[in-house]
Structure formats: structure tokens, C-alpha cells
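Quick setup: one chain, the form predicted on its own, written in C-alpha cells, and binding and motion questions come after.
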């Protein structure tokens, strides 16, 4: 089984971290291919960043299709370009926010999300509505850490994240916490130990869901709105996208 894990931003250290997390949880016979777009934002912290990064995600899906990937993971908590990516392939495509919500709902009746900037907390709330998990989520909490601060080994990102998770545990009446950024992928075990409660991050959740779907022979349906895009000419920089 070959799973293509895509970091939608262009920060190589985060791509390496995401790849290490995916490899750590992958089954013995699963091969993880990790990549990032050639161009785009170094971090994704707004609707604008998501829109630009979605183009890079779709380029990576097209490359993966040429290589025969069995499934894809979009490793940004905004799930940028998720539905468009599903249109391009029969393989399962899993966004890490959607994966994290699903797994949290399977092990607890209520969870909270702890993310980075306050503006991205609003984006996460939109996704909870879109995916139907608003009832399960008590609160989306923001640490107000810029995403790239998670890549700074000399910073205090872990302590700020831990303290916000502790407040969620003590104040929200929850059974689990979902980490709201792909850049937090390496912190799950440490937070689980320090908090003594389930902590879910989306990269590992998405990899295991992708493995399950492939094993069950389930791929993206081509009936309805996720059918392949209708052939038509494209112009300008996207001229080679026309099929």
C-alpha cells in the first residue's frame, strides 16, 4: 500500500516532521511518500493561504496519480483543496481535520480543539459545521502561536500548548483533545502523557483511516459531485491542466 502524505505548505522541516509521524504509525507493508508543493506559503494561517496552497495540493495529487498512489493525506488542519483533490482520483483522500474529528468522536462524546492563531480557530469552527461535528466539540481554543513557532526548538510552543490543553481538560467537560495543526504531529505522545487523557493529531489519524479504506477496497466515489472534472480547455499557467 502506498500513501502519499502532502504537506500543503513549503516548510521542509514541517514536511520532515509530518513524514516521520506518518511512518511511525503506518503498518508494516505501507509505504509513506511525503511531499510539499514547489511553491506557496511557508505556513497556512488564513483563507488566502489556504486558497493558494490548494493549487499546490492539486499539483501533488496529479503527481501521485502518475505514480499510482493508493491513498492521499492532506496534512494541514484547514484541509485545503480536499474536495477538489477527491475529484482528481479514485483513491481515498483524507484531510487531517476531518480525520481528527472522526477519531475523537469515536472515543469520547465531547472533545475540544487546540490550535494556533485565533483566526484559524474560526476556520476550524467552519469545518466542524461542514463535517457535522459541531455538537461533539465543546470549544476551539487558540494558543495564538504562529504556525512556524512550532518549528522553533528554542521557543516556548510546547509549554503554551500544554497550558491551553490543561485549561481545556479542566474547563470544557471533555474526554479528548484534537490538535489543530499538522505542525503539532510530533507532540501527541508527550501531551498524552502530561495530560493523562487522549490527545489526537490528524496526521496519524488520517494515515490509519486511509489504510482502512484501502484495505476495505473503498475509494472516492465517482458518482455525484466527486466525479472527475468535465474535460475543458484551461489557459495561461494552467494550460496543461485541461483534460
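Residue numbers count along the first chain shown, from 1. Everything quoted here is computed from the prediction, not taken from an experiment.
Absent from the display: the form predicted together with a further copy of the same chain. The rest refers to it.
*Could you confirm whether residue 221 comes within 4.5 Å of a further copy of the same chain in the model of the complex, counting heavy atoms only?*
Yes, contact at 4.5 Å.
_in the model of the complex, is there a heavy atom of a further copy of the same chain that lies within 4.5 Å of any heavy atom of residue 13, even though the partner is absent here?_
Result no; residue 13 lies far from a further copy of the same chain in the model of the complex.
*Within a 4.5 Å heavy atom cut-off, is residue 162 in contact with a further copy of the same chain in the model of the complex?*
No, residue 162 sits far enough from a further copy of the same chain in the model of the complex that none of its heavy atoms falls within 4.5 Å.
*So in the model of the complex, does any heavy atom of residue 136 sit within 4.5 Å of a further copy of the same chain?*
Taking the distances in the model of the complex, the answer for residue 136 is yes, it comes within 4.5 Å of a further copy of the same chain.
*Flag this candidate site as yes only if 23, 141 and 193 all have a heavy atom within 4.5 Å of a further copy of the same chain in the model of the complex; otherwise mark no.*
No residue of the spot touches a further copy of the same chain in the model of the complex.
*a further copy of the same chain in the model of the complex - contacting residues of 16 to 49, heavy atom within 4.5 Å*: Contacting residues: 25, 28, 29, 38, 39, 40, 41, 42, 43, 44, 45, 46, 47, 48, 49.
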